[in-house]
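Read the single chain below, which is given as structure tokens and is the form predicted alone.
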Amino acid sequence: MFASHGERLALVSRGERVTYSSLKERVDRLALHLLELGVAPLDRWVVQLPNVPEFVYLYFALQRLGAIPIMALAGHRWNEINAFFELSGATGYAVSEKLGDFDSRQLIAPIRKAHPGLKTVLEAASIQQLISREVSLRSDRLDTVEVDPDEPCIMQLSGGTTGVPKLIPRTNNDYVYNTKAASAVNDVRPDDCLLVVLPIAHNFPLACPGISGFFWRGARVVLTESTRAADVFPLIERELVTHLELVPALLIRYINEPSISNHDLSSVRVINTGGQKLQPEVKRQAESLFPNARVQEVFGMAEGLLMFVRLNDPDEVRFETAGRPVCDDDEIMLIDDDRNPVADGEVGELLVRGPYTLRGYYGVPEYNARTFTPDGFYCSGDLMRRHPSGNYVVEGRKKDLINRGGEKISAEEIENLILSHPAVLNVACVPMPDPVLGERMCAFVIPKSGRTLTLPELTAFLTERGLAKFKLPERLELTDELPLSKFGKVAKNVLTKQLAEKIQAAP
């Protein structure tokens, strides 16, 4: 892929401008060094790198060797990283020296101790050193590596409703198709430019169409480690960015930035949004401030299915819906609680089966038995209705997740950790409405007799146990009891309603 684009500009990051020929040379050299280190097809690597060139070099070098990167996020800590190693048996770990204000050495040492099968740890500086160093193997040695197109090429992460995220094996064939199908409806042209603002490890900026789709078209990719408008707007101007991939929280922040009128944003042609529903009025406002852009909503899942609003859909359809599948072979069913199909226009749970949607999460057969129908449909937990146009409208979810600015947080994972606090008798975590992020997490806690708890005490406790910062509860409600449903489960819908009313009534 890289060789066919020659001296075209491929990657812009940290002041460096890398051509396709140079990108190929760096990826191949790194792959040869990894071969010397013993990396083989189907080896697992936990990759925890931010939006830096080293991510791109390592990701494609592992692909070249048929090894399988596991896409950890920079915000993950011991709780998640340890689980990924336990489940996958990974033999490699790539991690940035600094993950925000966190020193990764605090993570590397205990991971090494807990997982003796870990053979290689590379920090970002180590990757650069390998790329700059001569290698003894001949370049044609890479041509002898056999990569099975039906084997996994990557493991993405689920939003996860039961504990830490689950691993999603995506095969070479289905991930290539995923990328090409997304590119086909995203109007990606050879002279276009994608600005990667979201964490590059996410499925969206990686392959929907993301960097993979733009490289496939011979277009440019610009990486930024900052999401601040003060950094992003000048990049758009200077690099003539044509495509943005954002979550609604970021887009809302940008269009409400007072300085937006001081910048020429006319190069932007497509603004993709995904991760949560975007309101029509926000789309209209964005298109008025980015004068040549169309907002194209995406409903996608790391598990496979992609729905895109088409850029030539009528405005009322573009503004009101989340799109339709990118593949004619995607099979969609909307069902009620009795597993019967709902009528057109009625809300039902989304079930999907298709050529690039997973057949099962990695290493969790019991969970797969509950999550897939006997005939292979994936039960997503998302609630949708079919629009008269044939597009779909997202109406919520059955999953017990808090959707914080597009980051899906498992309530059960956080509850299990909070229950280990010595002052906590019981807990339920629910979403609370937020005008920018969509949702934040509130923990309803029943304290043990004679005990109490504050939010700073709770967040300090969870942080000490290695919980990612974005997963921390942002509100604490102490209560004497939790409401129960008729099935004896905590009625979280009642708590959510009580919380929303309390917030609304607050002065």
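Here the structure is a predicted model, which means the values were calculated and not measured. When you see a residue number, it is the position in the sequence shown, counting from 1.
There is another form of the same protein, the form predicted together with a small molecule; it is not shown, and what comes next is about it.
When contacts are defined as a non-hydrogen atom within 4.5 Å, all of Asn203, Cys208 and Gln276 contact the small molecule in the predicted bound form. Here is the short version: of Leu107, Leu130, Val298, Cys193, the single residue with a heavy atom within 4.5 Å of the small molecule in the predicted bound form is Val298. Taking a 4.5 Å heavy atom cutoff to the small molecule in the predicted bound form, the contact residue among Ala302, Leu358, Val326, Ala428 is Ala302. Asp382 belongs to the set of residues with a heavy atom inside 4.5 Å of the small molecule in the predicted bound form. Proximity of Leu167 to the small molecule in the predicted bound form: non-hydrogen atoms within 4.5 Å are absent; the residue sits far from the partner.
None of the heavy atoms of Val268 is located within 4.5 Å of the small molecule in the predicted bound form. Taking the partner from the other structure, the small molecule in the predicted bound form has no heavy atom within 4.5 Å of any heavy atom of Arg217.
Note on the interface: of 146-154, 411-419, 276-284, 223-231, the segment with non-hydrogen atoms within 4.5 angstroms of the small molecule in the predicted bound form is 276-284.
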